[in-house]
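For reference, the chain that follows is the form predicted on its own, supplied as structure tokens.
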Amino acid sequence: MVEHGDIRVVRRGGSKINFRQPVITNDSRLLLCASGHSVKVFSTSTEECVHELRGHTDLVTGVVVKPSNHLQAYSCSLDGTIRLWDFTDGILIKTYDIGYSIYSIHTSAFHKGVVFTVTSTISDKKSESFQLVAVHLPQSGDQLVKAPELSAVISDVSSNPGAIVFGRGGEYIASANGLHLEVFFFKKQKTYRFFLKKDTKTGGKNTFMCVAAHPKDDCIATGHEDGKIRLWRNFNHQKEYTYSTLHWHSNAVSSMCFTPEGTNLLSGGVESVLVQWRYNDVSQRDFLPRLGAAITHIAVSPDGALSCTSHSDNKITIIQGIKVSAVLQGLVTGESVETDLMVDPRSKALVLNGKPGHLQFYSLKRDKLLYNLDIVQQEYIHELGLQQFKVVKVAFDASGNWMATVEERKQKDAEQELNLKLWAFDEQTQSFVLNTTVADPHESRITAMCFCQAAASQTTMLISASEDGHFKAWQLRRLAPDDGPSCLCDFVGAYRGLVPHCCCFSADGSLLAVSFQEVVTVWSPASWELLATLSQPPKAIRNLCFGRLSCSKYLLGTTDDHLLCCWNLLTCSLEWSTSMDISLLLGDPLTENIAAFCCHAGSTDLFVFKPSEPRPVFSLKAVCSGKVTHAVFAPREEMLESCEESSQWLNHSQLYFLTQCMDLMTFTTKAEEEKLMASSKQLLIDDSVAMTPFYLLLGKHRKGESGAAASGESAGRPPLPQGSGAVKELLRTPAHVLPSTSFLCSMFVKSLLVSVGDASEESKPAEEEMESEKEEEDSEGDMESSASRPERGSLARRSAEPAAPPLTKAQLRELRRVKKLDHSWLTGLLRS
């Protein structure tokens, strides 16, 4: 995380959920997985993210459920800490500071108060080496605890958590690394090592890839690079060990796992097939094929009801029996992104390349994939060296009703194939439907494409520029009254045989700028007249961007000779220029701000500025390592109210960008981040809870209680807590460190009891009320006679006033009942 004043650069959405093996809870209701700097808790039934456990300051490298408490979990990170979470409520319980970067974590019920972690060792070798150490977690009431007591268990281990496993409930631990298998027995304090040759006679590769241990028998299963699985037995003897070989996978076995009872062994690899081996009869196998991508991890719930697989396309598949019950899909980034980052105007979703031949619509707010759209509409063939169609360009119009895509396929001995497709949004399916396909829209590769974003535009216009030296204007028209709109070419433009590289519309759609190498041409879309040409030094222009709102008269561009230029369109002259190696230039669609990512000394700097002002609005050095080539401004649903001048550019939109490592990053304010952290750390009590004695015990008294009612309490009754700090601490404190239940129960029961003095005082008005009821019942029969013989004074008064009708017995009882009702809830409702 990079921090500068009030601005922070953090991972927000789109993090990898397949980085480490996921964990399914004991009741199979929740799934935990590492995701960037946090741990995500998903519901296995609804696929929704229930909690996001935030607190680590670096990459989370492992998650395990605490063996002694199945409602808590440990997480480790490269920040050198182990954190204990109550994942059902999303509360951080304790932080253990180890002081070293942790690459994986392992636990066993056999070892209480101890966790096993993989840390790096100081070595003179060029390659980094790792060791397995036991960390003794001290018992302390503090939330931040130092854990300096470390003891080495196995040296020279793999950083891959799938290569280390406990066996028989923690009696031994097995570690596979390279070509050797190492088994350490805790009771004997003895280590056995087994080696394999590098290559077999048939050319197979024996490198260990993963390891699994049978929960009841002395059997270790190892997966290898050549796709074979070996079952090791009698490994507690150095020379008398044996192993049998299983083979189905055509490539490396990436993950294996035994079921809780040990009846089946699950394995997976690049074939996207989950193989289930019968432990007692390995010749019998069951398969779950077509899981979509290569399997990277396999996990099984402790009760055996569910299993899950992680995949290389940032997906977790939850399996019940032999059927897929749920899919948790993260943001698919792959090795590269061909399209630019776009925001769908309708759903506000991030749009970019997903699966091969697809576009993915990813919700940044919910951090969840909405859907994949098949653009190529051809079956993808997994074959090395086979050239297939790729989606390289995408654009949306201002309303989000139309989307344009470009797909291309390069072949060695044939011409390049191009397809331009127009997609219309369907209200019924809430997705895009193919409307028009234009085969070979240009003679060469398309370099740029954009829609006219003017809201008042009567027609939908699309511009495409190509290496063939032309740019084309496409318009959607109806050929017949009963037909739908179709895409037709309206204009073909060129300039002196030069190759166009980029194009963009002004905010009101009245101007179109197209760059032809070192020349910028300005066109009128209404008449297709060339209005002006802006020449530059002999270097090609890479980016173009119009100013907005008060800066709409400016046009900005970057060149290959590291210049940022700003032209004044009113005078058709260069307003200013500066020397900057800008890799990406983009404007905020809601403000005048322009963001420029500048490469410097192997890292990227960010400058946010307005074209009319010489001083940048915001600047930040070393945002990330490498070059940033993909970024987008995403409009906020709720505008921030930041008073700091350096962070006001984030009030309307949020800036997202992709690093070279394909990590999705964003800029956020410190107040916004602390608000999210506070919501994840504290358990908030809902104010709509009923007014019960237990509610009062927690310190939530009525606000409208009068002083007389408070002074009327008996001294014999213990006072209830008045929302003190102790009560607040009681709410935040985990259940396992609270006082005994008998102590809390006795305090609660005493608060409900009434003393003898109060009972005698309350009984007197009750008796008086009963006597008054009796007298009223007796007097109701004589009401008419008493009314016919009034006193003279009262008779004189009643003669002047209209006589009121007498109340019946039922009305008197209803009146007494209404007087006894508690109307304090109405007062609280009105005050809220």
Partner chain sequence: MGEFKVHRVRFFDYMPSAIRAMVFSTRTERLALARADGALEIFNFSDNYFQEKVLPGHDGRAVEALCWVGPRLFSAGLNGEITEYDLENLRPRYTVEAYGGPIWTISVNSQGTLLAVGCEDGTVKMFEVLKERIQFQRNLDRQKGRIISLSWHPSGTLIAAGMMDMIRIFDAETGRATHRLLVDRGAGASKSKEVVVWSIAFLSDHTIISSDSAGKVQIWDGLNGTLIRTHLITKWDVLALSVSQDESSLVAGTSEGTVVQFQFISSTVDRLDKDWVRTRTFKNHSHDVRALAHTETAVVSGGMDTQLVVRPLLDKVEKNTRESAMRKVSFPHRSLVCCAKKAGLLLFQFPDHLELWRLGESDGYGKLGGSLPVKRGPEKLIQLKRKGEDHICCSALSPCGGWLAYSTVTSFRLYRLQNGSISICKVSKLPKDLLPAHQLCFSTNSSKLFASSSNSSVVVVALNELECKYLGTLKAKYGCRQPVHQLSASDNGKWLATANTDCEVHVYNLDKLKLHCTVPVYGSCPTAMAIHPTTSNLVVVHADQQIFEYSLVKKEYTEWSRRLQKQGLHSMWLERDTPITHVTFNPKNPAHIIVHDMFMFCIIDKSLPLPEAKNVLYNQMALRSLPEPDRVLHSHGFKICKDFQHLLCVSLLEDHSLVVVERPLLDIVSQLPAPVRQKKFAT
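All values derive from a computational prediction rather than experimental measurement. Positions refer to the first chain, counted from 1.
Another form, the form predicted together with its partner chain, is not on view; read the next lines as being about it.
- Looking at 465-473, 663-671, 128-136, 213-221, the stretch with residues near its partner chain in the predicted bound form, meaning non-hydrogen atoms within 4.5 angstroms, turns out to be 213-221.
- Of the residues Phe166, Tyr241, Phe491, Phe184, just one reaches its partner chain in the predicted bound form with a heavy atom at 4.5 Å or closer; this is Tyr241.
- Contact annotation: of the candidates Ser120, Gln387, Asn236, Ser140, the single residue with a non-hydrogen atom within 4.5 angstroms of its partner chain in the predicted bound form is Asn236.
- For the chain shown alone, Glu171 is a contact residue for its partner chain in the predicted bound form, at least one non-hydrogen atom being within 4.5 angstroms.
- Under a 4.5 angstroms non-hydrogen atom cutoff, its partner chain in the predicted bound form has Asn280 among its neighbouring residues.
- In the predicted bound form, its partner chain lies farther than 4.5 Å from every heavy atom of Gln411.
- A residue is said to contact a partner when one of its heavy atoms sits within 4.5 Å of a partner heavy atom; Thr245 meets this definition for its partner chain in the predicted bound form.
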